[in-house]
Structures are given as C-alpha cells and as structure tokens.
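Okay, here we've got a single chain as structure tokens, the form predicted on its own, with questions on binding and movement later.
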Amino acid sequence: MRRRFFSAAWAYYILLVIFLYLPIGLLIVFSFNDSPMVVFPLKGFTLKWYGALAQAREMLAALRNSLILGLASSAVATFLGTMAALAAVRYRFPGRGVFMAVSAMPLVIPYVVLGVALLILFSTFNIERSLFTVGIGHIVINIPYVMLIVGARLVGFPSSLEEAAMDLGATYWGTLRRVTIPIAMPAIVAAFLTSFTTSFDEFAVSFFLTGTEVTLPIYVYSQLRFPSRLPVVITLSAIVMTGSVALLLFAESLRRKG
C-alpha cells in the first residue's frame, strides 16, 4: 500500500513538472526553428531569430525599461517589506492583526482589479501614467512577497541573539546592522530576486498604468497581432522565461541556505 502511494506521488510529480516546464521547452525549441510558422515538424535549425532580436530597437528599449523598473521597484519593495517584516515579527503593537491583513491584500486581490484601482487613484490626483506609476504598482504587489520571505527567516532564529547584543552595549540600530540584517541577508536577497522576477514579468497592472514608455510584457503583447513578428517574440520569450526560472531557482536556493 505504501509503495503504491509513493508511486502515485512520483507519477503526480512528474506530470506536474511536465505541465509546468513543457511550454518553456517548446518556446526554446521554436526559437531555433527555421520557419515563421509555429507548427511541427520543424523546418530546420537557425539562429536568425536571435540576430533579428538584436536589431529590434523598440523591443530593446522595452527591455531596458523593464530592467530599470524591475531593479528600482524591487529595491524599494525589499526595503519597505523588510522593515514591515521586522515590525510584524519582532514587535506586538495595537492593530498588528489589521496591519498584517492589509499587507497581505495584494496577494489575494486580482491584479486586474488592483490595476484598475490604481488607475482610478492616479487619475483622481491627475498623475499621468508613466514608468513611475507602473513602479508604484509593482512596489504594491511585491511588498507582501518580501514580508513573507524575510518574515519566515526572522521567525527562524531566536530574538535572544538580538537581546544579547543589546545587553553587551549595542544600540538597536547597531544590533540591526550587525546581527539581524546579516542573518536575514540570504532571505533579503531572495526576496529582492523574487520581486525583480515578478516585476519584470508582470502584465496586468502594467497594462493599466503604463504610458508612452512600455515595459517588455506590454510590448510583446502588442506584437502578437503581427504574424511576421511572432518568431522574434517567441525567441525573446524563451530568453526571458529561461532567465526568470534561473533567478527563481537561485532565489529559492538562497532562501533555503538562510
């Protein structure tokens, strides 16, 4: 009976891996296909789509926007989320439950609804849509992820280490800088990488908040209307998906080491 259970569990795991990663594998395969048609059988091996990608200036501009936006919004979200995790884990204060509930709301609210709500907010205050407004949206959706990752690490080591440092004469900020942050650093880096991946790939919120400067997911979506551009879009998607998976795996390895 036990052997059957483990066999079924392994079969389920293998099917899950295939379901998750088969689309990524197909993207990579078709990025080398010597045909603009995304059908089997393949027509041959080619690198011309990668060469065409290097010449797509608008796509490279969108890629630059996504990189800058991802780095900036992830840095802010990591800072704010880490501070919020410290407050939530290490202190008991009035309204802590409400604070935790409000902080977790972006995890359960559909991104489409969140994007519309932020659009209405910015329109009310006559704030023009731009990369800045997109960055605000990305910060909002990434803070809960940072709080969860960093908070799990803070729960994982006893507060007595911090108390011992302060008993020996260290100030609160000195303890934070020399004890708490170094111990939590693997989780903080993992939270930053997770936030960057989420920001780089995010579409729904960006769609409502973007202005004349578009991010990469918005640009890719706009190019799907043109069949001749499909192979280049597939090539770019293959690169982005491979890089995103690599970053997430690296972030998970850091979180586990922490």
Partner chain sequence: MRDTRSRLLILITPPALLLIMFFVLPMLNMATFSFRQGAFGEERHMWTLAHYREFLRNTAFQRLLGRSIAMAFETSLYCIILAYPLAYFLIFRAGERRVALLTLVLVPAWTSFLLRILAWKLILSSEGLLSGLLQAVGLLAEPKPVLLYSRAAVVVALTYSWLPFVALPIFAALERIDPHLLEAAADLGCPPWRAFLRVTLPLSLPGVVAGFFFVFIPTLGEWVTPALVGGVDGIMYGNIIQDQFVRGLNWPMGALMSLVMLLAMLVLLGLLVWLLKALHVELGDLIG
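Remember, it's a predicted structure, so these values are computed and weren't measured experimentally. Residue numbers count along the first chain shown, from 1.
What comes next is about the form predicted together with the partner chain, which is not displayed.
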task: Could you work out which of Val155, Leu71, Met185, Ala117 is the residue within 4.5 angstroms of the partner chain in the predicted complex, going by heavy atoms?
output: Ala117
message: Within 4.5 Å, heavy atoms only, one stretch in 57 to 65, 185 to 193, 43 to 51, 207 to 215 touches the partner chain in the predicted complex. Which?
response: 207 to 215
field: the partner chain contact at Pro110 in the predicted complex, heavy atom, 4.5 Å
entry: yes
message: Can you work out whether Val150 and the partner chain are in contact in the predicted complex, taking contact to mean some heavy atom pair no more than 4.5 Å apart?
response: no
- request: Spell out, yes or no, whether the shortest heavy atom distance between Phe203 and the partner chain in the predicted complex is within 4.5 Å.
  value: yes
query: Though only this chain appears here, would Tyr221 touch the partner chain in the predicted complex if you measure heavy atom gaps against 4.5 Å?
result: yes
task: Within 4.5 Å of the partner chain in the predicted complex, which residues of 86 to 113 have a heavy atom? Give them in sequence order, or say none.
output: Leu86, Ala87, Tyr91, Phe93, Phe99, Val102, Ser103, Met105, Pro106, Leu107, Val108, Ile109, Pro110, Val112, Val113
